[in-house]
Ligand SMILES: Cc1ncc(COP(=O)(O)O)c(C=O)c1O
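A lone chain, given as structure tokens: the form predicted alone.
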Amino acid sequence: MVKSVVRGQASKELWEMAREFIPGATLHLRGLPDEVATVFVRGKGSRIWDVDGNEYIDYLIGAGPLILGHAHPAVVQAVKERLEMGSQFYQLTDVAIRLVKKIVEAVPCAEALKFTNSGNEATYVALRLARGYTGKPKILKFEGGYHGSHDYAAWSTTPSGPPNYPKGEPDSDGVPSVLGDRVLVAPFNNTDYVCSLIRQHKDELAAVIVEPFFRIIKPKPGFLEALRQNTKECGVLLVFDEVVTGFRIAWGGAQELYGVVPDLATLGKAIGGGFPVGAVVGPKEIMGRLDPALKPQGRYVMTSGTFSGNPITATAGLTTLNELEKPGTYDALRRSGERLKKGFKQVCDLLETPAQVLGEGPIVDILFTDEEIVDYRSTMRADQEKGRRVSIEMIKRGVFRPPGGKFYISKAHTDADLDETVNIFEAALRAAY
């Protein structure tokens, strides 16, 4: 029996308060649709509860960081113990150093690390570092790629107009128009075009930044390898944005899974265990430019944050990585992803609904189209309204994955959770017709 979520007075009152004081009644890029708008109060394992007492299987899990699930006992205990020792020093701490060592040993491109407070900051620092190290002003990103909301990243993430490559479309008011000449935009998986663009602009191109597993799209065979070869030959840095994929789709991230090692990578989400975090990693030769001692020489690339690498985040992150390092973890996460994908595909086939069920390991999504999904433009040709309606109907029935989001699977999601989710998906898809 598929349950039904009932919105109560508590969430209605708080939601109205949010509307009054918080722009858009959201803390992030988008709010919940009005018909399922609610306010959350508690999470445990794979489940969350709203202020009305409704229970949901949660596939947002904090936008991906909670790979162990909500309030994992080991993380909670470690953080409690560390809090009693002090929460902030603005100096090196023992636990931060141990976390750095753990990450550097795991990530193929990493010899050194610099903490930030978010993935957004990490990509900002990585691109500044690339420009400083190479002495070149431009960067190349991919249409539909999300690397945060800073000025060099906020181009053609969700373009509304037709493509005009390599010219991008600003995502936000207030982004300096002059950066339109500094940010090149290309379609993902278009190897020939991208490589020609790199070669054409090699004398002014500092970096190519890419999500190696691109939102929900796998790279075509040879695409990442071609990026690596052409950037190396042209003296351009290759930056993998692994804020999502780092320690999620493999222990060493997408670069381990796909066997392509970038010059720099950005990390976040999973390495903080549910607390604010970001990081840039790379070889010592490049990362050394973040050393303040270089400022008198004019070679210092500045970055700093009051809470970067703070001991509470570092404790949660180190505890999380210790759990993830246990044998069989990633095999289990991949099996869960495949189980959910298989269930979704069976439902779509049963209901004769054209759909592409996509994913890599414990990241899954469904697009309602019979077209192969290879880049941003092909995702936009899917039935967006059907996807939105199905998401809303699933939330109404107790599966939380907001419209436009992915299904992030955690270690806490059981086979029973996944099977219940598939049943609810079927009910939601029938209701969305």
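Numbering starts at 1 and runs along the sequence shown. Here the structure is a predicted model, which means the values were calculated and not measured.
One more form of this protein, predicted in complex with the named molecule, exists but is not displayed; see below.
Taking the partner from elsewhere, Q356 is found to have every heavy atom lying beyond 4.5 Å of the named molecule in the predicted bound form.
E211 belongs to the set of residues with a heavy atom inside 4.5 Å of the named molecule in the predicted bound form. Under a 4.5 angstroms non-hydrogen atom cutoff, the named molecule in the predicted bound form has G119 among its neighbouring residues. By the criterion of a heavy atom within 4.5 Å, R182 is excluded from the residues contacting the named molecule in the predicted bound form. Just one of K341, R228, R215, R335 comes within 4.5 Å of the named molecule in the predicted bound form, counting any heavy atom, and that one is R215. Among the residues Y258, W251, F307, Y146, the one placing a heavy atom within 4.5 Å of the named molecule in the predicted bound form is Y146.
Residues of just one listed stretch (285 to 293, 173 to 181, 194 to 202, 235 to 243) have heavy atoms within 4.5 Å of the named molecule in the predicted bound form: 235 to 243.
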